[in-house]
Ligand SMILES: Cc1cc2nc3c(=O)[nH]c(=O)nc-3n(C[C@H](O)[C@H](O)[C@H](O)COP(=O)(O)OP(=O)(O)OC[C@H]3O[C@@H](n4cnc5c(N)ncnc54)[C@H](O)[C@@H]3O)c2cc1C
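Shown here is one chain on its own, the form predicted on its own, set out as C-alpha cells.
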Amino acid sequence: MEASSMYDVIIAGGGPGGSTAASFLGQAGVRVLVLEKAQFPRDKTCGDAISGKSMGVLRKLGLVDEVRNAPNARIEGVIFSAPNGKTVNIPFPARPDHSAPGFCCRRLVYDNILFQNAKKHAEVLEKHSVNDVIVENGFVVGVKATDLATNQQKEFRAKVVIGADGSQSIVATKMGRLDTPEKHHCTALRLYYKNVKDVTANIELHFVDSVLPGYFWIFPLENGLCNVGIGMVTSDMKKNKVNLRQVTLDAIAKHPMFKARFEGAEAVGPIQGWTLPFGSHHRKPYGNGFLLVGDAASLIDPFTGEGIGNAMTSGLIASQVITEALKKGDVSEATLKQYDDKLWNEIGPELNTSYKLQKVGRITPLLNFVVGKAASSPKVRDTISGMLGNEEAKKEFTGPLFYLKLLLS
C-alpha cells in the first residue's frame, strides 16, 4: 500500500460541500487534499435548484458570474399548489443589483464550477475512492483510498478529515454516524424533459393527492429543458407500498394539472433515483480529527428537499472552524464541536420549521389551508419567500410565534 505525505486537511468528496470547504481552506493557507471518486464533470441526481443560501456562499467564493454565464435558468420565485387545486405564486426577494435570486443549473455544470475552483486552492485527485478511515489513539488521522485507474490501495494522512462523500458517506459510516431513521429520510426520482408547456421563471412544488404524502416538482432549466420528479419520505413510501416510479409516470400522463403540459414533451434520459437524509435528524457531525458536511452530515431541508445551500454553508463553516483549530494545534472533539454549534445556530431554526411544514404536507386539510393563506395573505407569502429565497438563514422562522403569525396573517 502506497503512503503519502502529511496534509493539514483531507476532504473525501468534491461535491458542493467538499469543494466549498476546499476553496475556503486553501485561501486561508491550509494544505488540502481532495479525494474524489468520479471524474469531473459528472452528473449528480438532484432537483438542480440553486437557492438563495447557495447564492450567498457563491458570492463569497466569487463565482456568481461564472454560474450566471453557464447553462442555467434564472429563478424568480416558487409556485405551490395544494390538493384542492389552489395555486399560489410567491416571488423571491428582489436583489438591489437586479441579479437573479436563484438559478436552476444542472449538477453536471454547477458542481464542476465549484470543483474547478477548488482545484485552484487544493490538491485534487479524481478517481480516488475513499474506503476506510485511519484512527490512531482515538483520533482520525487519515484515510485509505483506492486509485480506480490502477486499483492501487493508498493511504493519505492529515490532521483533520472532512467527510463530504454524500448520503452513504464512508467517513460517516466508519465513525458510526450513518444513523438516519426512515422518517427523516426521503426517496426521490428525477427525469429530464424538454418542451414542457407553460414553464415560467419559477420552481414548482405540487402537493397533489396522487403523490401525497410527497410532492411533484417541475424546475425550469436552459433551452426548454426541465427537471421533473417526485420526493416522498421513505417511511411513508414503504408503509403505503408506493411504487414511486409508477406514481411519477402516472402524474405526468394522467393528472389534470399536468397532462396537457406534458403532451408533446419528450423525456431526455432515464429515470434516476436517490436518497436524501433530512436535517430534521440532528446527526453528530464531528469527532476527534473529523467533521461531516453536506449530505454526509444529514442536512437536506425536510420540506423542500434542497441540499446544496446547506452543503455549501456547512463547507464554509467547517473551513472556518478547522482553520482556527489548526492555528491552536487542537483538533479534538471538544474543539471541533464549535462546528456543530455554529452550523445549527445558522441553519437549525429553518430545518426545524421545515420539518413542521413537512408534517403539514401530510395532512390534506392543513395543506389546503396553508396554501390558501399564502394565496390571500402578503405576510404569509413574504414569510415563505424569505425562507426559500434569502441568502442568509432566517433564524426567526421557528417557534410558536412563527406559526401564530402564519395562521393569523
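Position 1 is the first residue in the sequence shown; the rest follow in order. Keep in mind that this is a model prediction, so the values were computed, not measured.
What follows is about the form predicted together with the ligand, which we do not show.
S.K.: Which residue among 40, 355, 344, 369 has a heavy atom within 4.5 angstroms of the ligand in the model of the complex?
M.R.: Looking at the other structure, the residue within range turns out to be 40.
S.K.: Could you work out which of 49, 33, 58, 380 is the residue within 4.5 angstroms of the ligand in the model of the complex, going by heavy atoms?
M.R.: Flagged contact: 49.
S.K.: Is residue 213 close enough to touch the ligand in the model of the complex, meaning at least one heavy atom pair within 4.5 Å?
M.R.: Close contact is absent here: in the model of the complex, residue 213 is far from the ligand, nothing within 4.5 Å, heavy atoms only.
S.K.: Answer with yes or no whether residue 129 is in contact with the ligand in the model of the complex, where contact means some heavy atom within 4.5 Å.
M.R.: Within the cut-off, so yes.
S.K.: Taking the ligand as it sits in the model of the complex, is residue 107 near enough to touch it, meaning that at least one heavy atom pair lies within 4.5 angstroms?
M.R.: Heavy-atom contact with the ligand at 4.5 Å: present for residue 107.
S.K.: Counting only non-hydrogen atoms and a 4.5 angstroms cut-off, does residue 275 reach the ligand in the model of the complex?
M.R.: Looking in the model of the complex, residue contacts with the ligand include residue 275, since a heavy atom lies within 4.5 Å.
S.K.: Check, residue by residue, if 80, 194 and 220 all come within 4.5 Å of the ligand in the model of the complex, counting heavy atoms only.
M.R.: No: none of 80, 194 and 220 comes within 4.5 Å of the ligand in the model of the complex.
S.K.: Which of 333-341, 280-288, 151-159, 121-129 has heavy atoms within 4.5 Å of the ligand in the model of the complex?
M.R.: Of the stretches listed, the one contacting the partner is 121-129.
S.K.: Only counting heavy atoms and a 4.5 Å limit, does any residue of 161-188 reach the ligand in the model of the complex, and if so which ones?
M.R.: Contacting residues: 164, 165, 166, 170, 188.
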